[in-house]
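Alright, two takes on the same chain below, each alone as structure tokens: structure 1 and structure 2.
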Structure 1
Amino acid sequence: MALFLPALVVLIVTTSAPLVYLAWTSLERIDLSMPWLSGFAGAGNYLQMGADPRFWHSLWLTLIYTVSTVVLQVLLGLGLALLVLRIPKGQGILRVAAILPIVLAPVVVGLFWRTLVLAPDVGLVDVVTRALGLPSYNWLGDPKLALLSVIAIHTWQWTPFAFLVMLASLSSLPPDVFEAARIDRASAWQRFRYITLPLIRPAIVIVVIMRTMIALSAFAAIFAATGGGPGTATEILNLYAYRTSFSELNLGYGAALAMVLLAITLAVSFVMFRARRAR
């Protein structure tokens, strides 16, 4: 117990105490631009969200961003894993290459895409589009393209995680089951649908749960690439809470937004883990 106590104290100080302080701040009216109005607000900050169109817009963007990135990562990761399994040599090199986007800091990824990939006229994407005879696009400056761009950034960085998990799961499947299915003249689609997918379902569920939790709390890559802009085109709930707290100096309302995001993340995670155990 004496050996365990210091670690427990450090854990409480670094995690639980900030959460308690955040929850308390969300009940306060703390606006540094108007400090004379500071005081206890109770549920006022939460009630304010109901009439805040910017909150609902950021919540909708968060839903689109999370669902799109998670679905794309699962589909692309599974497709790449199935493709790599057909390559008899060089799988080790491909696995090492897949790790590289994951180990990069999200800020580095955002700046990399902003300056080298999606920069107007000189970015890699624009070079390719102009070579194909297409016009140049302001991928991060156009409100209609900015959300698609940050979805692509997140998908590029974290698809290798899904790929590695799927590849490990597929590599461990028993070959006897597939040989029996071939003898019974099952088609490739039937083998994939009725054998492969059920057997790798635990891996898919874990990938969906982990990637959903990370996508809901995404911040650094989007902030480095667009800062939440142009305007509020890529302002997901996490960025809205940050902007409210540190740009508009409304710490109380920003803390309430962060608490709502925390509640959503915990609720989604709880539902997913319950569904996983139920099956």
Structure 2
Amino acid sequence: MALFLPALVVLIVTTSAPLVYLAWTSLERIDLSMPWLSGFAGAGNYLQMGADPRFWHSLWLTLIYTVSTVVLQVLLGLGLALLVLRIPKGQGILRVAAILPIVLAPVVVGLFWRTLVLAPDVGLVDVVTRALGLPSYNWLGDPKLALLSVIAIHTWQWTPFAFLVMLASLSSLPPDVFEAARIDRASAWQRFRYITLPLIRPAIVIVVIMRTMIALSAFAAIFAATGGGPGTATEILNLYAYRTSFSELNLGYGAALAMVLLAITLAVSFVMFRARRAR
């Protein structure tokens, strides 16, 4: 107990106490740009949210962003892992390549994409599209494309993670099970559907849970690539809470938004862990 206590105390002080303070803050009006208006607001911040279209918009974007990035990562990661497993040589170098995006700071990734990859005219993507005779797009400037772009950035950076986990899981499957299935006349698809999938389900579930949590609080890459814009086109709830607190300096309302995000995160993780245990 003496060994565990210091860490426990530190965790309580550094994580739980601030959350209590956050909850308290969310009931206050703290507007650093208009400090004379500060005071207790009760449920005011939460009531304000109901009538705040920007809040509902950010909630909607959070949903789109989270679901699409997680689904893309799982599908691409699994597909690639299945493919790569059949490559006789060069798996090692692919693993190394897959590590590159993962270890990069998301903010740097956002910057890379904003400049070298997606910038009009000279970005990699535009170079390719222009070479193919297609028109040039303003990937981060056009509100519709911007959301697609930030989803692509996140997917690019984190699909390797799903890929590596699935690859590790697939390579640890016992080969004799598949041999037995072949002898039992299972087709390739049947083998995948009835043997591979159930066996790597734990890995898939892990990836889904982890990536969902992370997508919900994604920040740096979007912030670096679009800053939440243009306008509010890529402003997921996390960014909205940040901008409210630190650009508009309305910390009370920002805290309320953060509380909503916290509640969503906890609810989602609760449901996911439940689902994981139930099966």
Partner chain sequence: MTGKRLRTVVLVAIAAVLLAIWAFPVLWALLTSFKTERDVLAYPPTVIFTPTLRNYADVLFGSASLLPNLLSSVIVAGVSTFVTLLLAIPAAYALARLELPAKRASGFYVLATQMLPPVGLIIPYYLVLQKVGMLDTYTGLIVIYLTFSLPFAIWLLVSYFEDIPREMEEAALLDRAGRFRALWYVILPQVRGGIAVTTIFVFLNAWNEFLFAVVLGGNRVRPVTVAMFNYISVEQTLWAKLAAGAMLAMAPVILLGLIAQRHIVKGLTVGAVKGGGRRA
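Predicted, not measured: the structure shown is a model, and the values here were computed from it. Between two forms, the rigid core is the largest collection of C-alphas that superpose within 1.5 Å. Structure 1 provides the reference sequence; residues are numbered from 1 along it.
Of the two forms shown, the one predicted together with its partner chain is structure 2, not structure 1. Relative to the superposed core, Ala263 shifts its CA atom by less than 2 Å between structure 1 and structure 2. Superposing the two forms on their core, we find that the Cα atom of Ala7 is displaced by 2.6 Å between structure 1 and structure 2.
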